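One chain comes next, on its own, written out as structure tokens in the form predicted on its own.
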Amino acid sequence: MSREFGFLAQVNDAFDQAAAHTELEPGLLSQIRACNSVYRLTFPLKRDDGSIQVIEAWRAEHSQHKLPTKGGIRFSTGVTEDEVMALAALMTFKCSVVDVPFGGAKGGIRIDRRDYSANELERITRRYTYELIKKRFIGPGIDVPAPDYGTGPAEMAWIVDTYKSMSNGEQNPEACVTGKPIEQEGIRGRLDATGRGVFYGVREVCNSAEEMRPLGLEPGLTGKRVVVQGLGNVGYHAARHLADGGAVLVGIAEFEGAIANPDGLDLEAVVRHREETGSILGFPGATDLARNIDALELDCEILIPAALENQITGENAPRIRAKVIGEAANGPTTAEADAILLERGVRVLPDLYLNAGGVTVSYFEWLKNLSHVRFGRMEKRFDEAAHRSLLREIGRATGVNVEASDLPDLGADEEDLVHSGLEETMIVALHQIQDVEAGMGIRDLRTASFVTAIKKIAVSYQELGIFP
């Protein structure tokens, strides 16, 4: 009998299971678990045809143990208060896991962006921002949104422009939101940050002989078959980096359907086919699957659900053939499915950790906006000169002369530094989680991730003197 339940209840259930492994005072655990505040709002939209539509939207701030709070804004017909609160909670724990000093938040507007013109989307975004400003649910030191499902740099540009027009000379208005276009003080490397973070996490696990041995797999990414559900920003970049790292893309699912080819799919060719035809179906050499969710059951080593929540359920979990599941989406695995996969020995890299690349690079963007200095501007030429000098000395010592014109660009620019910082963050966080997992005597990265987060947040509250 299925015991599936709401998204927020699933997050809280996972929290409770992890909290049982701690010795923290119950009142402190209750505070960490609770959602601090939720703002539900409605406002009218005048459509291009002159009709009026009432828009529903939410913003939840789960935890203010650190400020600002941080979390994306999604445009989806599936947005509910339960979903927004659940995603805000996950953001709190996600930030804690990767040592990003934010509390968790999330926002959503209940629309399908495909039903609206660009002008209508701009009016919706600006009005939503205006409402958040009125209630102090946005600001560089208060709450900093970012892109999420159905939103991107354009929406973030409208948000920062609206905020600046009402900020009364605030010194750091650009820091009110992240994921902005580069031209509006965004940061290089943000666009593919979540997908790249997924790649770093999956690669680190696959390169570990200790991780691969129980799964009956050889270390390394090379040759491992990958299925990706969702070709949005996260899924596309995760697939691209995994393929570049030597994995073989054998299945892709999108909302219109799924395709498979055991010999491998050319990601860029699939993307071009979809742009030309409006669908991934009918891609030459691939087999069309009856339902997009059928791709989750394809024979592969690595499965990347990068769409929406509740995709792997108690119904299909017994048929999942992947040995490693990398949760690129938020909440793609239900509580019942998680228990089944754990029992079957499938290694699940939880969303709480794996898709933290976006918020990590958002943190870098926020720091850039506060400092008003592009990363690499101060040190790039100095580092380059130092490296060239070192190579010249090595040349003198070895007798091998290297012409300056033959040397590559040896100074790190902003994108190099962002990639380096993200890679370091994902690797260090994984090792912390693995240490907690080993100390608990379990083989469950989700529980270990929650325990890691809970303990770090507890220290923050204790430092504030709120709890002993």
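Here the structure is a predicted model, which means the values were calculated and not measured. Note that residue numbering begins at 1 and tracks the sequence as displayed.
In what follows, reference is made to the form predicted in complex with nicotinamide-adenine-dinucleotide, a form of this protein that is not presented.
> Quick one: is residue 254 in contact with nicotinamide-adenine-dinucleotide in the predicted complex, heavy atoms, 4.5 Å cut-off?
Replying inline: Result yes; residue 254 sits at the interface with nicotinamide-adenine-dinucleotide in the predicted complex.
> Would residue 196 count as a contact of nicotinamide-adenine-dinucleotide in the predicted complex, using a 4.5 angstroms cut-off between non-hydrogen atoms?
Replying inline: Contact check for residue 196: no, nothing within 4.5 Å of nicotinamide-adenine-dinucleotide in the predicted complex.
> Wondering, does residue 303 line up within 4.5 Å of nicotinamide-adenine-dinucleotide in the predicted complex on heavy atoms?
Replying inline: Because no heavy atom of residue 303 falls inside 4.5 Å of nicotinamide-adenine-dinucleotide in the predicted complex, the answer is no.
> Taking 4.5 angstroms as the cut-off for heavy atoms, does residue 233 touch nicotinamide-adenine-dinucleotide in the predicted complex?
Replying inline: Residue 233: yes, in contact with nicotinamide-adenine-dinucleotide in the predicted complex.
> Which residue, 349, 307, 265, 95, has a heavy atom that falls within 4.5 Å of nicotinamide-adenine-dinucleotide in the predicted complex?
Replying inline: By the 4.5 Å criterion, the partner-contacting residue is 307.
> Tell me, which of 333, 178, 129, 355 has a heavy atom within 4.5 angstroms of nicotinamide-adenine-dinucleotide in the predicted complex?
Replying inline: So the residue touching nicotinamide-adenine-dinucleotide in the predicted complex, by this definition, is 355.
>> Suppose contact means a heavy atom within 4.5 Å; in the predicted complex, does that hold for all of 242, 368 and 420 with nicotinamide-adenine-dinucleotide?
In response: Negative, none of the three is within 4.5 Å.
> Among 96-104, 316-324, 163-171, 149-157, which stretch has residues with heavy atoms no more than 4.5 Å from nicotinamide-adenine-dinucleotide in the predicted complex?
Replying inline: Of the options, only 149-157 has residues within 4.5 Å of the partner.
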